[in-house]
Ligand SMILES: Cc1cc2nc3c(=O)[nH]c(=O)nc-3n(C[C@H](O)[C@H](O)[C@H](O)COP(=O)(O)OP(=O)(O)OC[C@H]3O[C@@H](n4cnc5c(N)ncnc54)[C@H](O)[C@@H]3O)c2cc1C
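Below sits a lone chain in structure tokens, taken as the form predicted on its own.
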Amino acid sequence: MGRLTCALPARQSARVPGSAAVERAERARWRNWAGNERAEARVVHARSVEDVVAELSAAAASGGRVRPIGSSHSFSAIGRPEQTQLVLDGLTGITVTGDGLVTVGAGTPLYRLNAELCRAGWALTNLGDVDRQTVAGALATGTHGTGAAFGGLATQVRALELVTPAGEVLRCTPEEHPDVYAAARVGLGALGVVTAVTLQAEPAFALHAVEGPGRLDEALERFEELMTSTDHVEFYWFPHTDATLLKCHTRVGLDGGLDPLPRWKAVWDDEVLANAAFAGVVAAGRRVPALVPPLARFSARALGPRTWTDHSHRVFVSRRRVRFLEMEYAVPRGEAPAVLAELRRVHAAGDWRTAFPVEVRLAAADDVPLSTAGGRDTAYVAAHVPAGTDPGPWFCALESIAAAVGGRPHWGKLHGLDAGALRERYPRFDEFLAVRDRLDPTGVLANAHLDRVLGPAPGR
């Protein structure tokens, strides 16, 4: 589950006359957000669809490899470049129509999209708790939020513009190239380079947030009742304790008015306690591991009850300033209590020092071939360790426990599965591969990580 080590080829993709992106290419060092993935590669900043076409066409002609990248927020090596890294930071337009369809450039970060939608009176139906990703990157890895009746970001997609390695620009909808549309909503960047996405927004709404302490025993005993008690529910379990932090968010109209947290309270809770103080807890635990259990109990008590109402994206999203590594498994919703109980048992039996809480969320079943919630109502269980440390047996324990119930790993987070194991977890795995093999038969868009999780392209 560590970082893949790949030899970087000495030769570079051919230059394409007339491509401004190619003229701007240079070699640079890259690292992901957590710092566990690093590489040196030729970097191209695409400013237009034509730049993307030119770069992919050149790579296909020369036998090169290109990896598109967003904000580098994945923990896995999915975005790691081997020869050329294609940055889509020039593709950032946003257009909203009167029926809430929003077409957005692939390189647009979610935080900017959320702000623009809010100003226009619209909102995305559901969001994850991080908004630093680009739209295309979030879709490619299967980003989701929480809510028993709500799907991930992919379920809000209504159309995609995708450039294939052959240089063809496809508009993909349920009617046009429907097989590509179905697969590319969670496409891993393996089918083509997504240059624009059309999402279905809804009229802007607020979330009434009720957050506070709870107990893991109660959460496991009343799991279904608890996790469906409001529209969007999640909780964090603090290992070494029975304590949880429970977040219950209810959708409400804006006509009732907003009651946001006072500025001082938001800064104290979200910056001082959740980030600065927690960073101190993590640092102290790394220096003196014996301190982790009492520090975990301190962390569990630090954030007290709070209630407020604000625009949906301001409640969905949390700041994450303490860097970490993450593994997240999607398990059948009905299996979640048993998975968590076993994870707690294994943790108690081991001599582990776990400062970060375990996060638990829900998602409704969807129809996306490589979605972690494809075909089944899903619970997500996520474990974390500080960046720069070895996740070792803690992540292995979660992976083993999840495997017993057919758990599926988040595509952007750490896991140890290969194509053979993943085919058993995804009933539509071969359907996705058929599209990949047709659109990218020589593996122009692949890297060593995709070769592992999907299998090599047939012509590679």
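What you see is a predicted model, and the numbers here were worked out from it, not measured in a lab. Residue numbers here begin at 1 and follow the sequence given.
The same protein also exists as the form predicted together with the named molecule; that form is not shown, yet it is the one meant from here on.
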Given the named molecule in the predicted complex, answer whether the residues 164, 439 and 442 all have a heavy atom inside 4.5 Å of it.
no
Checked 397, 433, 69, 58 for heavy atoms within 4.5 Å of the named molecule in the predicted complex; positive is 69
Between the options 363, 88, 113, 360, which residue brings a heavy atom to within 4.5 Å of the named molecule in the predicted complex?
88
Does the named molecule come within 4.5 Å of any heavy atom of residue 210 in the predicted complex?
no
Considering only heavy atoms, tell me if residue 410 and the named molecule come within 4.5 Å of each other in the predicted complex.
yes
Would you check, heavy atoms only and a 4.5 Å threshold, whether residue 94 touches the named molecule in the predicted complex?
no
Just checking whether residue 75 would be counted as a contact of the named molecule in the predicted complex - the rule being heavy atoms within 4.5 angstroms.
yes
Looking at 173-181, 130-138, 198-206, 342-350, which one sits within 4.5 Å of the named molecule in the predicted complex if you count heavy atoms only?
130-138
Stretch 29-65: residues contacting the named molecule in the predicted complex, 4.5 Å heavy atom cut-off
33
